[in-house]
Ligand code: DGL
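First comes one chain, alone, set out as structure tokens in the form predicted alone.
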Amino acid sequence: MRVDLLAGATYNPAVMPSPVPTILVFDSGLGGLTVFSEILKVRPDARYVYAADDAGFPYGRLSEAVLAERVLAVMERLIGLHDPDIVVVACNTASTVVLPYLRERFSIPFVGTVPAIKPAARTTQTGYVSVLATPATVVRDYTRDLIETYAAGCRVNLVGSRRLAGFAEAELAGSPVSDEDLLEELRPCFIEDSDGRTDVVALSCTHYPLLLPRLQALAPWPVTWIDPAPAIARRVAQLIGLPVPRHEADENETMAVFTSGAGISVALRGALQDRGLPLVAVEDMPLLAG
């Protein structure tokens, strides 16, 4: 494993043991940073490993069988290296496919991420709800079941964006796309007819909140945006408890791990450090063909 140090940070595995839990936050890319930020608020004392399977990004292009095999292999390596007390799968696509396999294979608790359809249905006043997700999440039976269970009385508009996750990655890496490109992905979320119009948009990919300020500015009219990250953080706190008194995480207890590292730029390194991840490591795990 290659470890790159940022801004004078140090890395010494010998000093890692402590009474606080190790929390592994896992995503195909950088979207899970939105979840990591919320978990950090409820457990600022914890030791964190943020793992981005950038060699496999985007997961939506993989079949369910390949995706399950990939995530299990990467997770086995990460768990063996970092011995986490809990794993947060901060990816809707992976959660809807792989969580049962992960829970069967490993004994540690897993917290998943699912489309925020239930809170969206509770929030809407007009009954017009849009679920902005990846194409893979939109077509999952899991998503359809959530709609039938929690939003049967709503007009649910499923919008599968092929480009938005990549736009979010580019934004964080210092190469934002144009407003026109963003608006093209956003426009299908907004429906208006004689009976009403969209008043809630559920961001059902953890990448999308990275773009939220721009999405809010470009929206044709104001809506409530549902970000699942705070609810995920509350669930983590329920499972592992409150912070350890008088303990604060230091530079030796937070790191970001990539399975490729090909897109790590100076801007991205700075963004990671600003978000509390001063160490960057690469654990090479190329995505095999087939």
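These numbers come from a predicted model, not from an experiment. Numbering starts at 1 and runs along the sequence shown.
The form predicted in complex with this ligand exists for this protein as well; it is not shown, and the discussion that follows is about that form.
- The three marked residues, P58, N92 and C205, each reach this ligand in the predicted complex, with a heavy atom inside 4.5 Å.
- A single residue from the set T143, T124, T134, S130 has any heavy atom within 4.5 angstroms of this ligand in the predicted complex; that residue is T134.
- Contact check for A165: a heavy atom falls within 4.5 Å of this ligand in the predicted complex.
- With the partner omitted here, the stretch from 27-35, 232-240, 255-263, 218-226 that lies within 4.5 Å of this ligand by heavy atoms in the predicted complex is 27-35.
- In this stretch, 221-242, not one residue has a heavy atom within 4.5 Å of this ligand in the predicted complex; the partner itself is omitted from this view.
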